[in-house]
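Here are two versions of the same chain, shown separately as structure tokens and labelled structure 1 and structure 2.
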Structure 1
Amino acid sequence: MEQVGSSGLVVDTIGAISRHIREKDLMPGDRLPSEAILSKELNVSRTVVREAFRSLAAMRIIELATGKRATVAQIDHGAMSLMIEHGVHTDQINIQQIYDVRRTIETRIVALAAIRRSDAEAAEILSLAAQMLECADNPAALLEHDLAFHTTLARASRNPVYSLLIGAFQGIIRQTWPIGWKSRPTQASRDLMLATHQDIARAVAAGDPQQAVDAMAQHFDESVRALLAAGMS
């Protein structure tokens, strides 16, 4: 390979593989050529092709598995999640900034979900909110149900980009949620949060966007207040 660009053979190869996917109009699940074939076609060593594959796999553009050929991947929030976590761990992003973004997009999500949710999704959302009540004294379970609640709402919005973004925040939420929970010391404050989730669920199930938006806004107002009280400024 002639090293068309100036950034090295691996970068060029990543470009060549991406182009291959576009030009051949490959869809998720479709198989890519084997490493050996690609290295022959592009005139690079298998080492280079493998590093290019790893790069694309890191971005979840392709999927690798032992023995099998690489396949085109479905969009997935795993990589974004790691990027966001990295940003937070290196003090480039703080939790409040994440909450502002979440508030912004989740407010829109519930509006869409209230309009577009299927009946099955409505039931699932109501069920998750109810389950949160039942495990109110089990923080780990509560966290998981909370995440599932917001993830399901995103799915009900029928816009995969919202699902992607909510998923991207999941990793860092998992790591910081306990802070917010501990900062709700009184039973009343914890009950309020659970009640708010139920308000959101009911509004979405009832197909009332305005009420859903109001409830979600209230949810985030509480959360941010709790976070600030915990000294996360």
Structure 2
Amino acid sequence: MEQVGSSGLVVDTIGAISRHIREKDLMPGDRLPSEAILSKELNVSRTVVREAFRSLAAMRIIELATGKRATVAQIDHGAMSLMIEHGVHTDQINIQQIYDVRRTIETRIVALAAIRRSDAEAAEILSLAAQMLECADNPAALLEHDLAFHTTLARASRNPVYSLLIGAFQGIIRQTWPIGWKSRPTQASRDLMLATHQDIARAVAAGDPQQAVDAMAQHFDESVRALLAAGMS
């Protein structure tokens, strides 16, 4: 007799639903079979199917809406972002490790962006760097422009995986960025941070991947130094 809520049954059902999506070539927005149909086909209770749906929804594989059939989800960075924040807050990973990964990823991103960006994206990247300069005395606005700057670079790389990764880091960046900014005590140190974004933007707009990589590497080296100065590891 089935034990309702059994973790093994739920895991098996998650696997079966995932296989259904792949085998039927379902795309974002396509509907899945109803709970009743899946319950009958998989020989499990509707409660087990419902729990599997909830787990898949939490992983952003499907979308659930009251009174409607489950649909295949458009992927986003939400689940990954929560995992990274959980890792930091439970001391399983640290900020320096995150910045090390970001440095590796984002130097590759700017190299690709310099090669693949459209003229409109180049203009947007230059504009965001300029807006960062204009709101240097407004840290909250500066943070938003900084996040948009890195997001636009990722989009310009033409690799959606990079966009997912950059999005996943935003939650923890929002928590650490103000600390890093405050740890730059002199105007010169803050000007340097803004200047490196200008250098990155100009290199990408000029289609110079090596210059873009060098500027991004400098940006992350300075950012890590600022966080270490603030006592974050």
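This structure is a prediction, so every number in the text was calculated from the model and none was measured. Residue 1 is the first residue of structure 1, and the numbers go on in sequence order from there. What we label the rigid core is the largest C-alpha set whose atoms superpose within 1.5 Å from one form to the other.
> Which of the two structures shown, 1 or 2, corresponds to the form predicted alone?
That would be structure 2.
> Aligning on the core only, does the CA of residue 35 end up 2 angstroms or more away between structure 1 and structure 2?
True for residue 35: a C-alpha shift of 2 Å or more.
> Rigid core superposed, residue 67 Cα shift between structure 1 and structure 2 in Å?
A shift of 2.8 Å at the C-alpha.
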